[in-house]
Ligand SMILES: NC(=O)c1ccc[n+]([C@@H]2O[C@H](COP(=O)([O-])OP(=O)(O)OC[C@H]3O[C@@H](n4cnc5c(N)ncnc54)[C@H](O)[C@@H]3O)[C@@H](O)[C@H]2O)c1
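Only one chain is shown below, in structure tokens, and it's the form predicted alone.
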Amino acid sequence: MTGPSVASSGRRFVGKVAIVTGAGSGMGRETALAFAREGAEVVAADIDLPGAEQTAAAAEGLPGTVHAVQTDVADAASVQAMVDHAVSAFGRLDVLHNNAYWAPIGLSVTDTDLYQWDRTLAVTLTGVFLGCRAAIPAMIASGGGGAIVNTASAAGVASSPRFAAYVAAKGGVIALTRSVALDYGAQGIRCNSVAPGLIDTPAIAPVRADPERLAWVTSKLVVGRIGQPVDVANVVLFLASDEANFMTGECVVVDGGRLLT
């Protein structure tokens, strides 16, 4: 199988302003750079400010500008400050990509303590709610509506073992996406979600470190390879673009065919 290609440089987002949360590494970084490659002005938000600053530095020379902003998506004031920065720096807001998450790995319900449960929901689900709540008024005020793309997960579509809090949070993201799409479509807001499967980011380090597990997981992928961040970035940009202007409330699975097996 051939590998992924970088999102096109068709300048689909010239004159647009986008926020990407969790932009300090992995899929978030790749997506922020992809937006900048397409001409967008981007706020790269992450609780890890040095990571976000590295993303901004990697965007030097691209058509769009990237600003690094430290944001805790579980904190309402921090999320509002993130949106305010985008509007004050660039004059408008057109796209929000709620991508940040936190979750413990390898824990069933009875193994999950209350802190782990609460923190997973606070970052992974409430963070999406707070992002939408802050961004939608700014998008409407910008005069052209906007596009929201939430990162869900294939695990939110078909449950994964020993991943209770994450599965619950990502299932909530998919449901919340539909609710936002229904409530704000008449005001020009589209809201979709993307559901990645196994993507080669720092989060899958335990899988990479176990050759037997890696081989088993890869064998379950119809396309024959683990996903790359650009595989997800390409879909996010499509959903955020005018090319998808008749799509809302949808969840697009990007998992190399894993759910088929």
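When you see a residue number, it is the position in the sequence shown, counting from 1. What you see is a predicted model; the values in this text were computed from it and never measured.
The following text describes the form predicted in complex with this ligand, which does not appear among the structures shown.
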> Between the options Val123, Val83, Cys132, Ala165, which residue brings a heavy atom to within 4.5 Å of this ligand in the predicted complex?
Replying inline: Val123
> With the partner removed from view, which of 192-200, 57-65, 208-216, 35-43 is the stretch that lies within 4.5 Å of this ligand in the predicted complex, judged by heavy atom distances?
Replying inline: 192-200
> Are any of the heavy atoms in Leu96 no more than 4.5 Å from a heavy atom of this ligand in the predicted complex?
Replying inline: no
>> I'd like to check something about Ala100: if you look in the predicted complex, is any of its heavy atoms closer than or equal to 4.5 Å to a heavy atom of this ligand?
In response: yes
> Might Arg178 be said to contact this ligand in the predicted complex, defining contact as any heavy atom within 4.5 Å?
Replying inline: no
> Contact between Met27 and this ligand in the predicted complex at 4.5 Å, heavy atoms?
Replying inline: yes
> Within 47-71, which residues come within 4.5 Å of this ligand in the predicted complex, counting heavy atoms only?
Replying inline: Ile47, Asp48, Thr71
